[in-house]
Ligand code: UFG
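Next up: a single chain in structure tokens, the form predicted alone.
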């Protein structure tokens, strides 16, 4: 039996595929390559190019491959874009989940691990955020992911499809050997943008807003490494296969770092000056998001290996240093 990684050519998905292969799993990847990279997929995984909104594509894949569990990363994830194009996000993210679950039900696949997000919480009432806290998204991206969680809940009740929703916070870093990493077009994430400035590909960093309700006025986020995320997804698969009930878990370091703190850490790691300027706020950004991840640690047995942002940034810097043009270097 194989594990299907939907969106396995993407940033986090490709690290998931690499981790599964290294741990001896039989891995199948489905990706439409709209934002992912063929070169990011481990060569030992079987790749199917297609869109999970395409029922015929899924039926063909599920007929050919005996899939035991699905790990679902196939979604758009740009908050600012979702504010401008909400229907794009509900069509791709929420609509894709509906088609995927329909196909899973018809083909008897009973386990799904879902890449959810801290954006489902909206503006938190307190820090750190617990899984039981209210989920009130403030952008269509978070709303689309929350809808996906609710759809899975009802499919569990109706069809017995068991799920784990992993709500993670800001992801940063790359595979330690530098073979795969983050390569988005356009790039919107803080760490790779900082490192593009360090590498001379951008003139300066723009920090969006310095009037947030945080110690230094800039956004505070909780950073987690993609290999630690991949480990959590494998633990979630095992959790479901052991017969446990559907559940949701936060994944994060439980420590918040401001944009200014991340900039300073990157200066230390790279030894580069990294010029920066202040810019206006972006719509849909909460002041701070920090996870309480003790539930994942106690129930799933999750033990993150990268709990220092300097190590996270260093792994990302290795990728960007050896792949200045991203996957186009190959």
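Predicted, not measured: the structure shown is a model, and the values here were computed from it. Positions refer to the first chain, counted from 1.
There is also a form predicted in complex with the named molecule; it is not shown, and the following applies to it.
Undergrad: Just one stretch in 94-102, 130-138, 185-193, 247-255 has heavy atoms within 4.5 Å of the named molecule in the predicted complex, so which one is it?
TA: Going by heavy atoms within 4.5 Å, the stretch is 185-193.
Undergrad: Among the candidate residues 28, 300, 289, 70, which is the single one with a non-hydrogen atom no more than 4.5 Å from the named molecule in the predicted complex?
TA: When the named molecule is considered in the predicted complex, the option within 4.5 Å is 289.
Undergrad: If the cut-off is 4.5 angstroms on heavy atoms, which of these, 148, 227, 166, 119, is the one near the named molecule in the predicted complex?
TA: When the named molecule is considered in the predicted complex, the option within 4.5 Å is 119.
Undergrad: Every residue in 11, 52 and 144 with a non-hydrogen atom within 4.5 Å of the named molecule in the predicted complex?
TA: No, the candidate spot makes no contact with the named molecule.
Undergrad: If we define contact as a non-hydrogen atom of the residue within 4.5 angstroms of the partner, is residue 111 a contact of the named molecule in the predicted complex?
TA: Residue 111: no, not in contact with the named molecule in the predicted complex.
Undergrad: Could you tell me if residue 65 has a non-hydrogen atom within 4.5 Å of the named molecule in the predicted complex?
TA: No, residue 65 is distant from the partner.
Undergrad: Is there a heavy atom of residue 82 no more than 4.5 Å from a heavy atom of the named molecule in the predicted complex?
TA: So residue 82 does not count as contacting the named molecule.
Undergrad: Should residue 206 be classed as touching the named molecule in the predicted complex when contacts are defined as heavy atoms within 4.5 Å?
TA: The answer is yes: residue 206 has a heavy atom within 4.5 Å of the named molecule.
Undergrad: Between 212-244 and the named molecule in the predicted complex, list the residues on our side with a heavy atom within 4.5 Å.
TA: Contacting residues: 219, 221, 223.
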